[in-house]
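We begin with a single chain expressed as structure tokens, specifically the form predicted alone.
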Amino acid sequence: MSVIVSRIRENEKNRIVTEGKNGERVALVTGSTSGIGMAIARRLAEEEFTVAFHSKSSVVVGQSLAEAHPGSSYFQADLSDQTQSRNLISEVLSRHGRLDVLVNNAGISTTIPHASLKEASPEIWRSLYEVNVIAPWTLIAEAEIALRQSSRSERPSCILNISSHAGIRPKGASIPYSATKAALNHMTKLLALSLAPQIRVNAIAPGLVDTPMSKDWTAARKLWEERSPMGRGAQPEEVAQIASMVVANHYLTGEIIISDGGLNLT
């Protein structure tokens, strides 16, 4: 009898992971208490996803966002610590029972003139890689099983990495930052091959976006106004619209979608 009960309980656990505690699709968006991440998380919530909000430090904002979207949640984790990155996935699964979409939006940057080679110290390289490259890898590796379990042939699970046009063109706030985004782009393509067809993997590579991080980027704003065909940077909601399309399209995979107002054409 104990063996039968054990099997029933195991089947029930598998059912919860497969269907979710509320039967709803769950999306984890890292760095989602401001800027692009917040816009994407809100957009997915509007599209009836249960959203797991995340930030490193904006706890009050994160909790408020979760409360404003019924069924959603907030988790705090420092993604420079890979133990916390692994725990983030387990906490989301413990709370929601499944994961359908992972948006790796959280990232860090530093401004260093490209010609100032010694200023780009090994410590800066390591800190940027830890958050911009290794953390997304850790989150994806930890989430893989859950993403496969929630996947359907007609609706594969989805990973979306938020990269940068600096990972495609020889631009960016610093060479280490641009190199991390180039690595994230290539990782996206490699994972799209290895995780298909159950999990789709894509990236969006924005240029200048009007966020709190970019509010003092006077030179970048001038560049976009003068050289980009659209004559301005993007609003976070415009990037979120692309993210929504990528999540909704069940065929697209391995793509790096540039969203820089056409600056890459000039």
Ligand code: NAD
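None of the values given here were measured: they were computed from a predicted structure. A residue's number is simply how far along the shown sequence it sits, counting from 1.
What comes next is about the form predicted together with this ligand, which is not displayed.
The listed set Ala146, Leu79, Ile159, Ile89 contains one residue whose heavy atoms approach this ligand in the predicted complex to within 4.5 Å, identified as Leu79.
Shown here without its partner, the chain carries Thr33, Lys56 and Val131, all of which come within 4.5 Å of this ligand in the predicted complex through at least one heavy atom. Contact between Ala66 and this ligand in the predicted complex is not found at the 4.5 Å heavy atom cutoff. In the predicted complex, this ligand stays beyond 4.5 Å of every heavy atom belonging to Leu223. When contacts are judged by a 4.5 Å heavy atom cut-off, Pro206 counts as touching this ligand in the predicted complex.
For the chain shown alone, Ala106 is a contact residue for this ligand in the predicted complex, at least one non-hydrogen atom being within 4.5 angstroms.
Only one of 149-157, 186-194, 113-121, 79-87 lies within 4.5 Å of this ligand in the predicted complex by heavy atoms, and it is 79-87.
The partner is not shown here, but in the predicted complex the stretch 187-217 reaches within 4.5 angstroms of this ligand through a heavy atom at Pro206, Gly207, Leu208, Val209, Thr211, Pro212, Met213, Ser214, Trp217.
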